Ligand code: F6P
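Below sits a lone chain in structure tokens, taken as the form predicted alone.
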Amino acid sequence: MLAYSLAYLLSNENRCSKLRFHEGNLSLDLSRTLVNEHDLAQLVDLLSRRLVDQRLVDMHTGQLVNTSEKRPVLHTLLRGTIDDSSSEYLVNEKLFINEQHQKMIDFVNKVHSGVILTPNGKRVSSVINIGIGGSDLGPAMVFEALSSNYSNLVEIRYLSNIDIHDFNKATKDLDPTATMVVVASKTFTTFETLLNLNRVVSWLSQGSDSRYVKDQLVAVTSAQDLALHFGIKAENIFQFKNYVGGRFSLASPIGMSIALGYGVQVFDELLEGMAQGDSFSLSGNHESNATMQFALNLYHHRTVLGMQTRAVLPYTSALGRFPAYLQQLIMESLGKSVTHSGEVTDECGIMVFGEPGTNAQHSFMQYLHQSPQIVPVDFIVILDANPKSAHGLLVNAIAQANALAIGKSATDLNLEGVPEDLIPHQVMQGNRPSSVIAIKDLSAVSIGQLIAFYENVVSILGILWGINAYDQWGVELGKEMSANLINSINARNLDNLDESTKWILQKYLDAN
């Protein structure tokens, strides 16, 4: 299938040097991926042919790049990447963003200083963030990623799943009279979020006068009217607009839980890192631009070589939720089968899975080494980490990358004296591609750069494939069907449902 030999390619010092990149606190090594000199030239040429630079500028300057929803895509404006004073529209939007950001900073500082208290007159000691998808995955991932470098100012819990076990876990050992609740929902109509919100309101009422419980609620939304209708005070509502997709919304007030947990300075450093990552993606020539080169590498392995799946293995538990965050970012953005013009395509989309190393080595790494399917791997390592564990983590990551690339032949095994009947079982074909992404540290700036790096890679891949990376109609269909089934259960009327659906719902009704 492959006219490549990684063992041979890795011996080419010139090629390897061309496939190493550095941007801010992030370094990238693509030397273990299945590209040769000819591929590199063709891939760089593809950027020009697909007008990638211009399309990125279109996105950053508010053009309607989300064609199916007729919207601009301006999540980068949240971190101040483009300052286009010639555009009245962008100036006005930046004023709105700055206003909401300052409102959030003032609010968070008042919570930390004790100016804002709960209705019982207590200082806020804990915060529950209720959201799902982009309103949960990004903030929860970052909060965990920063936990080893920063101290909590208040306890932060995240509640997304509607399973009662998750609710119990989020509220366990918390004082409802000293707890603030952040409801993060772009539309303020998300079923799971509203269900959990009502549960939490009932829980808050255990220790407070129910007339004042909603004073403990904070909303982050683009639907202020619905938040007001629910009973949340205007001064406790923080807004972002619909040109910010949920999976790209971390830099909006959706990230408030990070600021409440670690302080506004840490949140602003996160935004600074994201802005730097955006700038890196737009700067330099294509041959030396790490973001462009990584996007091209993913494109080559997916579209040219047909590798549809990708593993992400962060060799630090601090980034334990990063694979889940990337699942939404990449699969929701690029899981499309039609182009902007509506033409069917089967050359795009990447399925992502992952687990922190070294845990992954004792679960699915067997599949990555010896299964018939070749799965490219992103190894993410931290350079400035705890010296007691960093050596072992780094060495394991690089050893796995080398084992995937080089493998072990029958000849090697024979020379080692492996019994002949075991040799076929122990042969590792090698030629399994991987990238190494090295981050300087687990600071807010570095995490911000890593997030922006992958976000911009997704945008570039959307351009290369000619698809809309910013809508998610598949998600919307599931929401509609869920609402219809809820109505059927509430009415205890299953007559209009298909037989399979009717069977399982009847089982549920019988049990309840």
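What you see is a predicted model; the values in this text were computed from it and never measured. In this text, residue numbers run from 1 along the sequence as written.
Separately, the form predicted together with 6-O-phosphono-beta-D-fructofuranose (F6P) exists; it is not shown, and the next lines address it.
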For this session: Mark residue 475 yes when one of its heavy atoms lies within 4.5 Å of a heavy atom of 6-O-phosphono-beta-D-fructofuranose (F6P) in the model of the complex, and no otherwise.
Result: yes
Exercise. Taking heavy atoms only, is residue 135 within 4.5 angstroms of 6-O-phosphono-beta-D-fructofuranose (F6P) in the model of the complex?
Worked result: yes
Problem set entry | Residue contact check: residue 328 to 6-O-phosphono-beta-D-fructofuranose (F6P) in the model of the complex, 4.5 Å heavy atom | yes
Exercise. Does residue 186 make contact with 6-O-phosphono-beta-D-fructofuranose (F6P) in the model of the complex, using a 4.5 Å heavy atom cut-off?
Worked result: yes
Exercise. Any chance 246, 332 and 479 all have a heavy atom within 4.5 Å of 6-O-phosphono-beta-D-fructofuranose (F6P) in the model of the complex?
Worked result: yes
Exercise. 289, 126, 190, 316: which sits within 4.5 Å of 6-O-phosphono-beta-D-fructofuranose (F6P) in the model of the complex by any heavy atom?
Worked result: 190
For this session: Would you point out which of 23 to 31, 482 to 490, 467 to 475, 41 to 49 contains residues with a non-hydrogen atom within 4.5 Å of 6-O-phosphono-beta-D-fructofuranose (F6P) in the model of the complex?
Result: 467 to 475
For this session: Pull the contact list for 366 to 380: residues with a heavy atom within 4.5 Å of 6-O-phosphono-beta-D-fructofuranose (F6P) in the model of the complex, in sequence order.
Result: none
